[in-house]
Every structure is written in structure tokens, then in C-alpha cells.
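Before any questions on how it binds or moves, here is one chain, the form predicted alone, in C-alpha cells.
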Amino acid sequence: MVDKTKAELQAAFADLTIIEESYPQCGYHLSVDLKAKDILEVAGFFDERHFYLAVELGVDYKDYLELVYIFSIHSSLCKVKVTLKLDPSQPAAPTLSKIYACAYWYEREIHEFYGVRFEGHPGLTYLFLHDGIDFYPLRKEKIPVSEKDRQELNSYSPALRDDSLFINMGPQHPSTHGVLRVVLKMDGEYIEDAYPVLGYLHRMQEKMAENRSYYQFLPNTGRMDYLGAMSFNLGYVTAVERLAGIDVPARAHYVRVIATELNRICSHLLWIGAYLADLGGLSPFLYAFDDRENIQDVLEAVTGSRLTYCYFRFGGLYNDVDDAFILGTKAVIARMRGRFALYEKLVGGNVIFINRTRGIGVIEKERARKYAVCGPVLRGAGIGMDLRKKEPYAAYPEIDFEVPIGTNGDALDMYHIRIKEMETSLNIIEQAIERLPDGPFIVEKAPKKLKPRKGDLYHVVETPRGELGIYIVSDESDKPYRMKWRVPSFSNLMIFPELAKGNLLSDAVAILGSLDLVIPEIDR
């Protein structure tokens, strides 16, 4: 696929210089540096070949601003990095939002953080920050926000533009879980338009990363997706290990898989409980939290925490697992296998739940690609991409498991996918326990201070909500020069406005809940 893509790209754009990169070192296969005038044609090239836009981001190299686009494809392993160099005094580039819907959101973020103007973009309003910011926060030098940008960064004010009926869903609505606000434009009881308003939990994690050493940033990873903290922790340490060339003992790889899969089950259980509570059924919430408590007891014994885990270290683990951990994990497996029939009786076979979710929030494959949705949402839409299979890491290459996919792409399919994924996680854990080798749990000479090689890396892992991508630029110092987090909930939220249109107000809860969003992860 890589050779084919390179040949077709070269044939279509004879003037381009296409560089073959080391995938193990960089996380992408090809790189291309473009002029801004060429980006639309090149993006159209990838769109025609069913690539999706995994992430779009900015890097400030002081002499120039760089836009980075990572194009990937669901059906095969082929990643292409495309870059544009912009004048830092007047950065501007064409928008890709008319080709890739997800670019609408990424470009708003880049505009807000760097001051890049995207020509043709339909709405460069604020995303995370407020209109009182003085400087673009991710520029390396203090660049004042221009008056024009300040006006465009101003808050979204629907009442000033339209006399339609608007309803604020959140930020205190129970189904938005506290910190997400969605402005709904209504036509009677039907939703005409939906506008997510972000930033209530924004903490500028990426700026913090640039001002802390690689070690100091470790605890931050669990604060973004607090329900899938183990996956974020794993994504970060494996990205840095890959960039710095750190070996990891086999035992640590297997323990990482066991701990991460236990955390995945915990996350899916919380989703079931919270989703059913959002729809009016409280009993599943109690059963799901009872199961979660058992898993958290096992994890707490080795990690020291029950939620925002920071268990993995560069080169291994914080500490080793013992026999009690193994016995406890086996007990969890036995218990959970007996609980799926209960969940099926309470939820899966419940006619009220079925009627509230069947045919609601349907995501077609093409729409999923345009928005770059991921995880159970993507697989529910019928695209069987799982990064544990496609780009395996830790001990996943040694483990055999199936990837469940949906058929209808509706909210009911999202439920079934997550139930099946919990069963899959149990199978993975069983295999990892059987094959758990003896030996060290951390590399003998674990580095005390990291100064990775100069260069960049785009590394991905599969979290409970989907594709987590970490882009790191290293200048050989002990701090990342740039660290971008491509988080799955941000990608999955992008599709909500389109899914909500034409549905009843009551269905907005069912659709939003089916996406399993974690808001601190979106806000970062």
C-alpha cells in the first residue's frame, strides 16, 4: 500500500519530493512538504483514495510556522505526513474543511493557538479560550492577538444572529456529565442545528508539556481521559520509548496489556451505567459500578490509585505484579463472564432501551471517515479498525483476538460493540496471564533523564474511546519542543451536530451518550 500510494502520488504531482521515512522511528511511512497552493489538490488526492485525516496541527519553529497533516487509511497500514511552511508574521493557508469535515474543528484550534488564518473557513470562532486572551498561547514568542482575530475569537452568541428558539443543553445537564454545553436550535421538538461549546475544563495540557520534562509530564496523562487513564499512560510511555529508543522487558509488556484491558472494562462499565441512567434506567448503573469496584480493587493494589493511574514508566512499570494480583484478576474474569447474561436481561433485551436506541444517531461508513471518528463508534459504523491489531504495541502482537463490528451504525450497535469488547478484553487478559513471563519488570538501567533524538514522531494506541495519537517534536533537550494530543473524544464529538439534526430533543441524549465522550479529554 505504501509503494502504491507513493507511485500514484508521484504520478499525480510530478514536482513533489516524496521522502520514504522509517516507520518504526517516525510512525509514518512517507512525508511530503508542500506549498500552500497545493494542499487542496493533495488533500483531494487522499480523499479520493479513502484516506482519513487523522490529525491536523501546528508547530512554531520561530523562523516559520509549520502545519502538519497526517493522512491514514482504515483498511491498511499506510501513513503520510504532509507539511506546509507558513510565514510566521502573516500565517495563512486554505481550509480543508470542505474536503474533510474534521478539519473544521482542528483549524479552529490552530487559529486560536497560533493565529493561522484558514482561507474559506466558515467559522473561526473560539473553541477553548475566551476573548480576553492577549497572546497566541502555543507560539514560542509573545505574539499579540490581532483585533480581527479577537473579534472572531469572541464567544458564540446565537441569540444575536437569529430569533429561533435555542436551548442550552449543559454545561450542567446530567447527560453532558457536567462540563459540555451544546446549544440546540429547535424547530418545535425537533433539532435544527447543534453547536457544541467547549473549553470549560481547558488546562492547556500541550503548553504544560512544553514546559516540563518528559518525566514531569507523566501524571498529566491520566488527567485527560480519567476513565481510560491506563491507555493514555501507555500511549505516552510507548511514544517516548519509541522516540528515545528505550527497550522494555517482555514481562512489562504483558503486565501493561493486562492492566490496560482491565481499565478498558472499567471504562465500558461506567459508560453502560451512565448511559442507561441518562435514558432513565438506574438499576444497570448500580450493577455496573459494583463490577467496577471489583476491578478497581485489583488495580489499586499495584498502582496505588483507583482512577487517574500513572503506573507505567519509561522502560517498564512502577512496580511488579504479585500472585495476589494474578488471583484477583482471574476472579474478576470469572465474575464478569457470569455478568453478561445479567446485562443482556437488564439492558440488551429491554424493549424500552431498544426503542430508544435503534435507528438513532446512525453513522454511515463514509460519514465516519470524513469526521475521522474512531474506537467503538467507528467499529459500530461497520469499519473494523482497531489499533491493537493494525499497529500493535506492547504484547498485543502475541495475542489473538477478534474485533467486533456493527452493521447499522446506530446507538444500539454502539452498545453491543462495547459489550463484545468487554468479552474480548477478558480473552486478551486470559492469554496475557497464561503467557506472562518471569524476569525484570523494568529495564535494568532505566534512564533518569531523557533527551530523545532530534526529530518527530506520531504514535498511536487504542483507548476505550478510540485512536489516541501523540505527535512529539524533540530538539534533543529534556523537554518536548512540541507535543500534540489527538484525543478520541474530540474526534467523536465532531460528528454530533450532524447526527442530531432532524431528531427529537429527547434523542439528543441517546445520540450524545452513544459517543461515550470524556470532556476533560476533549478540553485537554
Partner chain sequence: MEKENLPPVSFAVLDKVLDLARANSLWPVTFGLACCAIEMMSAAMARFDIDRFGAGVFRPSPRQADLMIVSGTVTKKMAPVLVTLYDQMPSPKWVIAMGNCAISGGPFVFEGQYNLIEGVDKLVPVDVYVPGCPPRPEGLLEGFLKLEEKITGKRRFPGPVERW
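Since the structure is predicted, the reported quantities are computational estimates derived from the model, not experimental observations. Numbering follows the first chain given and starts at 1.
Here the subject shifts to the form predicted together with its partner chain, a form of this protein not shown in this document.
None of the heavy atoms of residue 318 is located within 4.5 Å of its partner chain in the predicted complex. Heavy atoms of residue 135 reach within 4.5 Å of its partner chain in the predicted complex, making it an interface residue.
Residue contact check for residue 227: one or more of its heavy atoms lie within 4.5 Å of its partner chain in the predicted complex.
The shortest heavy atom separation between residue 123 and its partner chain in the predicted complex exceeds 4.5 Å. Shown alone, this chain has one stretch from 166-174, 230-238, 381-389, 184-192 that lies within 4.5 Å of its partner chain in the predicted complex by heavy atoms: 166-174. A single residue from the set 441, 285, 104, 393 has any heavy atom within 4.5 angstroms of its partner chain in the predicted complex; that residue is 285. A single residue from the set 95, 220, 431, 424 has any heavy atom within 4.5 angstroms of its partner chain in the predicted complex; that residue is 220. Annotation for 199-234: interface residues with its partner chain in the predicted complex are 199, 200, 201, 202, 203, 204, 205, 207, 208, 211, 212, 220, 223, 226, 227 [heavy atom within 4.5 Å].
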